[in-house]
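Next up is one chain by itself, shown in structure tokens, the form predicted alone.
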Amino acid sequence: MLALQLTLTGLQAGALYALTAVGFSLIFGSTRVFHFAHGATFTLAAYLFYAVEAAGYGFVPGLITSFAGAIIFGLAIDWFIYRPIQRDEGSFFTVFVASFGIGIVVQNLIGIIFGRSFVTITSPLTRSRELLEGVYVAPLAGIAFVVALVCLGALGIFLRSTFTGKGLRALSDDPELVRVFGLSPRRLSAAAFVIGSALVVPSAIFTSMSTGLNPAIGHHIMLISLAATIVGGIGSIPGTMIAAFIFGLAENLSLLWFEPQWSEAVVFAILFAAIIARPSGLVAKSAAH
């Protein structure tokens, strides 16, 4: 029963990881910007929701504030940090260092405002109920899983069925060809940041209501997103989704044999094994397209 309990928890974690990892993969795959501050977007969205909820305004205002804050933050970084660096022909490493620095600044600012201890939002949906003998599941877990699948399914339809979605998939391959078809690479880049930043919001909200938050949580989320992007295949949305679910299950099922502090080491053991066994990723980008 413990294995079943951990499998259900792992599926929930994998679904939430998939949302954040797919957002990072979409931004990186479309723009080739190593957006390490994606973890900061997650943290900011989660704390904005927490602040509105703690102030007593309720779920919907918290949801709207979280979406608005995440999208504005993502666009602001693209416009005011990445584009000026790229205009001055800054290297990939320069962009990475800038992004990493933004993440550190946001983490510390949130720590100053909200403190560095764990905070959480209590809700009747987080109270576990016995699904089978010895297996307990909170309603929030099922809701989080379904919402994540709906969001990922909607993204897949958007990327395959809309002009903008097809443009995003083509942007990293040939920006000049994108211009030929009447699309602006800059607008597509902005669209990638809007969609990628918005995808972290459901994951951030459900995390704030289940496991709780601290200012450093974005660092762990970013490492999982990066590992899922590499294992799944750079620029491959389906591969990133599969890898995120694998990491969510591996993190939780590892508790059958290891102490909780080793769960992150299990993720990176999988990452190293995957890089050696299949350097192109689980789903190569050409196959994904």
Partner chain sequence: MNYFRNFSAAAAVVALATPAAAEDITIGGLFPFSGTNAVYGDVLSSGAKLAVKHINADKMLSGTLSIAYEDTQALPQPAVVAMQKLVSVLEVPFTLTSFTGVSKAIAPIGARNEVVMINGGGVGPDLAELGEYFWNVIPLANLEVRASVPYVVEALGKTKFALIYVDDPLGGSIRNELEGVLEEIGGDLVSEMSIAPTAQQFSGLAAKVRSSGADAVYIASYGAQQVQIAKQLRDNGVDAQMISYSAYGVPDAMNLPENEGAIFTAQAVTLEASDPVTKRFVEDYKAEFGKDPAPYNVNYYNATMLFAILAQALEAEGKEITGANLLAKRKEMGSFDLVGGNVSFLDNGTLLFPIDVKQIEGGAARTLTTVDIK
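The term rigid core refers to the maximal set of C-alpha atoms that superpose within 1.5 Å between the two forms. The model shown is predicted, which means the values in this text are computed figures rather than measured ones. Positions refer to the first chain, counted from 1.
The form predicted together with its partner chain exists for this protein as well; it is not shown, and the discussion that follows is about that form.
- Only one segment in the set 25-33, 256-264, 237-245, 56-64 has residues whose heavy atoms sit within 4.5 Å of its partner chain in the model of the complex; it is 256-264.
- Looking at G212, you'd find a heavy atom of it within 4.5 angstroms of its partner chain in the model of the complex.
- Its partner chain in the model of the complex comes within 4.5 Å of no heavy atom belonging to F181.
- In the model of the complex, none of the heavy atoms of A154 sits within 4.5 Å of a heavy atom of its partner chain.
- Contact check for T126: a heavy atom falls within 4.5 Å of its partner chain in the model of the complex.
- The contact with its partner chain in the model of the complex, taken as any heavy atom within 4.5 Å, belongs to I217 out of A148, I217, A192, I110.
- This chain is displayed alone, yet in the model of the complex one of R186, R116, R83, R160 has a heavy atom within 4.5 Å of its partner chain; that residue is R116.
- Residues of 1-23 lying near its partner chain in the model of the complex, listed in sequence order, are L2, Q5, L6, T9, Y17, the criterion being any heavy atom within 4.5 Å.
- Put the two forms on the same core and the Cα of P61 is off by less than 2 Å between the shown form and the other one.
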